[in-house]
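Structure 1 and structure 2, given next as structure tokens, are two forms of the same protein chain, each shown alone.
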Structure 1
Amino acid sequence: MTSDPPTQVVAGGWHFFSAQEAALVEAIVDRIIPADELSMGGKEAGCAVYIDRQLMGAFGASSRLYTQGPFLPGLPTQGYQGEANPAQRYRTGLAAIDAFLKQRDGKTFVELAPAEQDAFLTAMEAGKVDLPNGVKGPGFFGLLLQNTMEGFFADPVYGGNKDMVSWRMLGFPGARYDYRDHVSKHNQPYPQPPVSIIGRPEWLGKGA
């Protein structure tokens, strides 16, 4: 069997999100992964870009999943069991967040102070926010959290994990073809920089 290699995502512009939606997602991922002494924040790491591109593909449309009814509530271990695909959930969920906050506070999420943003997301995760349009706060927060983590830790080829920041933070070697000499060296930092699926930036163009 053969498979097509992934195509490098190029940052710039939004393929799924509107400008307003993109600003909201960037603000959310920056609170889920705030910048600190260990790494850059979720926005700078490209998590919103990763989510945007994923929603334009098979993930967003659930094209590789069984999506026919009946649609019944499942157990927590079964994950989301509803009819809407991720793209639809994002479109509805993001609109619900700003609609709720405009009615309650007269502001959008982006306009809130960081502490207020954290408080809202905490309440949303705990199911203490009654979002409009039937959006379930815990479920949508879980989707945001899952996709943000994917964007932060996935290979940079998919648009997130800028400069392999999360891999550097963890000491993860990435897609190196061989690091057997270091497998048994427990509790010792891996001495080489990580490598993406498409190689390292300084390798590109060499030998041309």
Structure 2
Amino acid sequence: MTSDPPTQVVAGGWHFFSAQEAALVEAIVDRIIPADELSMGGKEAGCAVYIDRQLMGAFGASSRLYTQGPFLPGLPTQGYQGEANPAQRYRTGLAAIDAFLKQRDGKTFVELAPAEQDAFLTAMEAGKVDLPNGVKGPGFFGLLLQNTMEGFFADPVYGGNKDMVSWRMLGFPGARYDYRDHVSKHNQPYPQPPVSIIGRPEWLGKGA
């Protein structure tokens, strides 16, 4: 049913990625969202777990999208016109990254130093690396970036945003629904901590 409540994603094991793919995605999300004084990194926040579970569902299969041919090249303003769905794009895109780096540097992405990883991702985002198997760097980077941000900022029920880390960082109170007390308190910080669809970590495991 489309109206059913969401199910909590539980970390542990990979549903879509191989171990090697998972390590690569964890390394990438940790450069897109690096650990620093503002927050933990994308890996610890669960962004790779989030992406793994999304790729197993409707998003990965493009099952809600229009997927009939013919598949013709179009203008950027006509949107994505490829035949591959996100699950297929991750499979070929991740393989292409490591194949390219092995050829160029003799190393995989996870073996590069963080500054080298950043340099590679920057070049990929700008379309300055020729990835094998027809993978378009900017398009695949855009997909990685979009999904990493979704995982980091979505409700923790989907496997990322561990302990509502991004919401605490921004000051977003999450799944609250009544701000009537604070509407006219202009320019004053909202005092309550965030809450998720599944509650708050402090509440879980209590009252059983």
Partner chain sequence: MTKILPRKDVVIVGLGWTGSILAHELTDQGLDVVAIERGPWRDTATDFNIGYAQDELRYSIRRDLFLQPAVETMTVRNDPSQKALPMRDFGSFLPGNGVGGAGVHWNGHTWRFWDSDFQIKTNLTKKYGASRIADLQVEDWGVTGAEMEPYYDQFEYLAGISGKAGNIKGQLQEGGNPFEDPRSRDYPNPPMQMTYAPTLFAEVGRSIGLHPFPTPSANMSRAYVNPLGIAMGQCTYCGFCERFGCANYSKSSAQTTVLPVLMKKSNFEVRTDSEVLHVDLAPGGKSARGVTYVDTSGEEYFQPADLVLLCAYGLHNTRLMMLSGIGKIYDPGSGEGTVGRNYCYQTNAGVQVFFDDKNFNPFIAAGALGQTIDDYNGDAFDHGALDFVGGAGINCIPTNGRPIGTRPTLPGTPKWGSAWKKATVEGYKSTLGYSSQGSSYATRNNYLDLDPTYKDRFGRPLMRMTFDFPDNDIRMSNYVCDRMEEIAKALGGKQYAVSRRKKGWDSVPYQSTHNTGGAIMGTDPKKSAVNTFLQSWDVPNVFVIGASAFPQNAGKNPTGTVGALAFRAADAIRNQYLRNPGAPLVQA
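Residue numbering: sequential along structure 1, first residue numbered 1. Superpose the two forms; the largest set of C-alphas matching within 1.5 Å is the rigid core. Note that the structure is predicted; figures quoted are calculated from it, not measured.
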Here the form predicted in complex with its partner chain is displayed as structure 2
Kindly check if the Cα atom of Pro189 is displaced 2 angstroms or more between structures 1 and 2 relative to the superposed rigid core.
yes
